[in-house]
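Single chain ahead, by itself, as structure tokens, in the form predicted on its own.
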């Protein structure tokens, strides 16, 4: 008798989400029954669950899973590569948070539970094959990050950042939901494949309705990735939220939103879809303008910042502009690779800031870094590596990420946008080098007490440093996994390519 799987095959597409969801529930149960003051155990349970989710992603990579649940969930390389990014971000975020939670006596079980369910939201966004699934994943992610941003409940700055994030996030969600409604009204479906088919067959109820719907979806996503002019929440939220949360927010939700950008704009509303040329031309012009504006605003304002968290906030706005070049080129592989490089170097930088900020994030001004270079040589050198990578210095992940994405943009004909991006990248070196100058060449007025660096911090830094140099020096292994040699064929495939769903 042939072996029968205990579950229908489409349930295998949910294995990463199931693993992380169960982990979140186990952490809640552990927190309820664990001895008072036990904080590390919840973190180790979270790491174990993320390892299980990573194993399931590796299993799915070599499988061919058809679109699951009536096309709501897709399992292709786009989804699985972004899933790997989300799991990596969550894992480093767990390591980054262990010591601060212990030092400040904050509830660790609640924090790691929120982090797990935020990861579930990202995973659902990465595999979304339907606008309804997109919204479900986005709201799961958003609600948990609203709470995490205000996790230090006795801190007024933290409360302010959470409130700003919640109000502006809810406002942007309204735009996204209204855009979904209008898209449904124009195409009579929320399924990505059926939307493509409606456009290709000319069965659009009212074409301006679809254009307005796509514009509103674009606005909603631009808020999530913090592009100009939808960036106003970013510096205040990044500065006020606990640094361990800021590091996660800067890498995870941004990557999840770019996964949706890649799915919706690179594939669904591609100009290669018949009858979509006018719509594609409209969103392409809008995205090009947003990309240029984000690069300029992010880099110019970052130069003026004296707080390192605000500086990195404006830096993230500029990096969102760089990543949009890959969206313009309609090449999801370059976007995915760029978000991986951005995640590892950004998480590493925020890990250093978390270590140096001490309890309550009281030391995040650049003057707090004065003269520490020779007192904490190891931390200073590691921070220098991450800053140089963010600036795009060769042999680092940042350089290779920018090279890949600018190359795709140039080949797609967006020469002006790429030139502006390269010039802005050169400008960014000024403020990325500032902390290094302050650490090594500015005299310190007060005595310096070296911070406590525990094993989880060392693990987070080791993962980030290894990834920065690995992706910078040996990028071909990752690029080959993404089939970058066939990128244009994959990313610009016509509507018939999307329903395949399985890993190609």
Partner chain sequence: MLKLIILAPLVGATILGLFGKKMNERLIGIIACSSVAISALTAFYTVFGVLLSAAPGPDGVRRVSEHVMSWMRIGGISITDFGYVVDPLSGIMVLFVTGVGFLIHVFATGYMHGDESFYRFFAYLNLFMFMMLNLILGDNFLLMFVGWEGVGLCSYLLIGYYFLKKEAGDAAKKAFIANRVGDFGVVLGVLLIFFKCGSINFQKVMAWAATQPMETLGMSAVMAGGLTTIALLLFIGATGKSAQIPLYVWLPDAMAGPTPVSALIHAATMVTAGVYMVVRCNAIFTKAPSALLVVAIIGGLTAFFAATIGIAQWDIKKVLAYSTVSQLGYMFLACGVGAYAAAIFHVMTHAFFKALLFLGSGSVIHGMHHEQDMRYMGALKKYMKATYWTMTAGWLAICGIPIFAGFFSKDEILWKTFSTTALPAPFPMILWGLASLTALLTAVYMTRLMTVTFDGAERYDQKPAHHDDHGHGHGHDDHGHGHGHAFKPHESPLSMVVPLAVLAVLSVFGGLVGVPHILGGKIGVHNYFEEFLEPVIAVGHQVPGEHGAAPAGGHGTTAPAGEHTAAAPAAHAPATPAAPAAHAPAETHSEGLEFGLMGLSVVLGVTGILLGKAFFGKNPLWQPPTLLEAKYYVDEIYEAAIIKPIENVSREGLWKIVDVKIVDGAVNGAGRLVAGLGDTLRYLQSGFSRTYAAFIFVGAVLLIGYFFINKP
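None of the values given here were measured: they were computed from a predicted structure. Residue numbers count along the first chain shown, from 1.
Not on display, but discussed next: the form predicted together with its partner chain.
Student: Can all three of 107, 112 and 155 be found with a heavy atom no more than 4.5 Å from its partner chain in the model of the complex?
Tutor: No residue of the spot touches its partner chain in the model of the complex.
Student: Heavy atom within 4.5 Å of its partner chain in the model of the complex: which of 159, 304, 201, 205 fits that? Just give me the one.
Tutor: Contact check passes for 304.
Student: Looking at 146, 233, 117, 135, which has any heavy atom no more than 4.5 Å from its partner chain in the model of the complex?
Tutor: Result of the distance check: 233.
Student: Out of the stretches listed (379 to 387, 189 to 197, 84 to 92, 211 to 219), which one is close to its partner chain in the model of the complex, meaning heavy atoms within 4.5 Å?
Tutor: Correct option: 211 to 219.
Student: With the partner left out here, check for me: in the model of the complex, does some heavy atom of residue 360 sit within 4.5 Å of its partner chain?
Tutor: No, residue 360 is distant from the partner.
Student: Does its partner chain come within 4.5 Å of any heavy atom of residue 41 in the model of the complex?
Tutor: Looking in the model of the complex, residue contacts with its partner chain do not include residue 41, since no heavy atom lies within 4.5 Å.
Student: Does any heavy atom of residue 261 come within 4.5 Å of a heavy atom of its partner chain in the model of the complex?
Tutor: The answer is no: residue 261 has no heavy atom within 4.5 Å of its partner chain.
Student: Test of understanding: in the model of the complex, would residue 430 fall inside 4.5 Å of its partner chain by heavy atoms?
Tutor: Taking the distances in the model of the complex, the answer for residue 430 is yes, it comes within 4.5 Å of its partner chain.
Student: In sequence order, which positions of 454 to 475 have a non-hydrogen atom within 4.5 Å of its partner chain in the model of the complex?
Tutor: Contacting residues: 473, 474, 475.
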